[in-house]
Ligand code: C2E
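Starting off, we have a lone chain in the form predicted on its own, written out as structure tokens.
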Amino acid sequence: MQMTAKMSDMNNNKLLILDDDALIARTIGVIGESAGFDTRTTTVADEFFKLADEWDPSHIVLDLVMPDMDGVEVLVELARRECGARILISSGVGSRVLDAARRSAVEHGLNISGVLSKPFSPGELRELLTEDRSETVDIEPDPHPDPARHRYEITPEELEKGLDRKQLELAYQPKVNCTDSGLAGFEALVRWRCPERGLVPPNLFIPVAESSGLIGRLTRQVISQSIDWFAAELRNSAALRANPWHASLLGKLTLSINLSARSLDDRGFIEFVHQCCRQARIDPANLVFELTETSAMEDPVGSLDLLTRLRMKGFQLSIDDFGTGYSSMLQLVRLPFSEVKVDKSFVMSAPRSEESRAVIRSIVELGHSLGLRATAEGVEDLNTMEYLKEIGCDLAQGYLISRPLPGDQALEWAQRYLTSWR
């Protein structure tokens, strides 16, 4: 094993490298150091796991082909250990195998930031490491991070207390038109600001809300808060009102809100949302409810009834994460969607995967053939954006445009964006 430690531990950018070729591992380490990382390298899986546990790296570069324990086995073990590092998968096995390994790792809950086919240039690795480092937080960071605070189970009582105390926070991620880069709207994303745990991501508390019957109450809080921001703060912002395109633009902006399948059982849901729109004086057509295809399958008859009624009231519907489930085509045809969202796993791998680009093109063309708007999420580079324009994708969102922002910062971003637009 070789180790390098030329940077101070004052730097939280720690890169751990596992590769069966010591020379390649050392080379990656040198590239990592040049990008501002403290690095450790090893060729042995046992030593790798020991370092992963004790050193707590922020980033990992992992070779798939290893003699003692292959890379897929390593990824599964990292998932079992609840590894939170950003992981780059590298190998010379070919793009289709790399993509399959990435998808497998994502399914296990790992944070995969990219894949690299060997041989790769120092610039390619450095770009992935540095871009990724600036994009690891999608809302303002917790000033007192504690990795252990999320590891114990969240109880329904704890979440209910958080709802009672209005501890939900929303961030808004901008969406733009692919053709002219004009602002198209925002997606509302919920987080829970828990005094004991800090900022809790939705994948940790939404399942608790769904299983405990709190999802209806949580969803209503999100809808109420986001509509208030959209109608009152965004539309009445003095800075935005001074923009010459304000009047024509705001009537077209949309607000996207994620909808749990459990909300489809809420008999009063439609009237609640309609009342929110009446009070805020916004057209239902400005709201887009996003529902994953797997959620729509939980109660096919109930979801068809409620979603049809939502469309009859004028609301828009989006099928989220399209292409990741087993019944995508069925859901797209049987339910009254107005938008299809290409799953970010395809979009983020598009620069390096011909297969992903082909899937994106097919989804966009399918959506258009059914009269649906197509949105790509996870857009992180200009090449991907140009490709989306080329194939006629309608909307895009991702870190290339903006990370999700708290409400006040989203207003500031919109003003800067509109000032520079055109």
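What you are looking at is a predicted structure, and each value in this text was computed from that prediction instead of being measured. Numbers follow the displayed sequence, beginning with 1.
The form predicted together with the ligand is left out here; the points below concern that form.
Undergrad: Determine whether any heavy atom of residue 320 comes within 4.5 Å of a heavy atom of the ligand in the predicted complex, and answer yes or no.
TA: Residue 320: contacts the ligand in the predicted complex.
Undergrad: So in the predicted complex, is the ligand close enough to residue 339 to count as touching (4.5 Å, heavy atoms)?
TA: No, residue 339 stays farther than 4.5 Å from the ligand in the predicted complex.
Undergrad: Looking in the predicted complex, any heavy atom of residue 90 within 4.5 Å of the ligand?
TA: Although the ligand is absent here, residue 90 would stay clear of it in the predicted complex, with no heavy atoms inside 4.5 Å.
Undergrad: Flag residue 311 as yes or no: does it have a non-hydrogen atom within 4.5 angstroms of any non-hydrogen atom of the ligand in the predicted complex?
TA: Contact check for residue 311: no, nothing within 4.5 Å of the ligand in the predicted complex.
Undergrad: Please tell me which of 84, 284, 182, 202 lies within 4.5 Å of the ligand in the predicted complex, judged by heavy atoms.
TA: Contact residue from the list: 202.
Undergrad: Which residue, 189, 176, 129, 255, has a heavy atom that falls within 4.5 Å of the ligand in the predicted complex?
TA: The residue in contact is 189.
Undergrad: Looking at heavy atoms inside 4.5 Å, which stretch does the ligand contact in the predicted complex, given the options 69 to 77, 342 to 350, 112 to 120, 99 to 107?
TA: So the stretch in question is 342 to 350.
Undergrad: So which bits of 276 to 290 sit within 4.5 Å of the ligand in the predicted complex, heavy atoms only?
TA: If the 4.5 Å heavy-atom criterion is applied to the ligand in the predicted complex, 276 to 290 yields only 290.
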